[in-house]
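Before any questions on how it binds or moves, here is one chain, the form predicted on its own, in structure tokens.
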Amino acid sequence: MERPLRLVQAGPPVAQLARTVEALLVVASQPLSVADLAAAAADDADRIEEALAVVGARFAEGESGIVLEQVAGGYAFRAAREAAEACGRLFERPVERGLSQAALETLAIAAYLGPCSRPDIARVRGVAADSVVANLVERGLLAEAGRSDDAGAVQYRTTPLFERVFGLESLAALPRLDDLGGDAAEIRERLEQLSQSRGA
């Protein structure tokens, strides 16, 4: 007598997996990659992507006050654009608040040229960068990235928080220097000078 065939289910239905993905994204303090979500949900990466599509449709701009976005190499929830003003009043954008021109310049240098040291940043900006770099490290927008080969100076790079705050999927999403307008030539010249001094 033949035994009846037993169907083996490869995991919970996608709708249920989508609810698990939602929960993981809600409790996460930073964007989660497909691999992160697959490991936490103990499921397959392809099915995680299917679940993300379901979550993305449910939490889309214009459909919900919370929107799923791909940012900083992973996925995270953010407030919908129509709610941004109210959210800004509640939190006053603490990470971005009070970023000086010097801080923005330093972040731009680290984003385009990083990892780079304080002396590197000072050469591009033309002024000392110690206090600015320390402030950005404290805010979590810059992080140490080893030491330079020549002088052994601490190098810095931008962080996933930087990408998230400025709405970048990755540093590859930064505008090209040629798109920055009138200052592009001067910026390019300074960066080239710094690159040449590193190679010397």
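The first residue of the shown sequence is 1; numbering continues from there. Keep in mind that this is a model prediction, so the values were computed, not measured.
The discussion below concerns the form predicted in complex with another copy of the chain, not included here.
- Contact with another copy of the chain in the model of the complex, defined as a heavy atom within 4.5 Å, holds for exactly one of 143, 34, 41, 153, namely 41.
- Contact check for residue 128: every heavy atom lies farther than 4.5 Å from another copy of the chain in the model of the complex.
- Although the partner is absent here, residue 58 is a contact residue: one of its heavy atoms lies within 4.5 angstroms of another copy of the chain in the model of the complex.
- Not displayed here, another copy of the chain is approached by residue 27 to within 4.5 Å at the level of heavy atoms in the model of the complex.
- Another copy of the chain in the model of the complex is approached by residue 66, whose closest heavy atom lies within 4.5 angstroms of it.
- Taking a 4.5 Å heavy atom cutoff to another copy of the chain in the model of the complex, the contacting residues in 73 to 87 are 77, 78, 79, 80, 82, 83, 86, 87.
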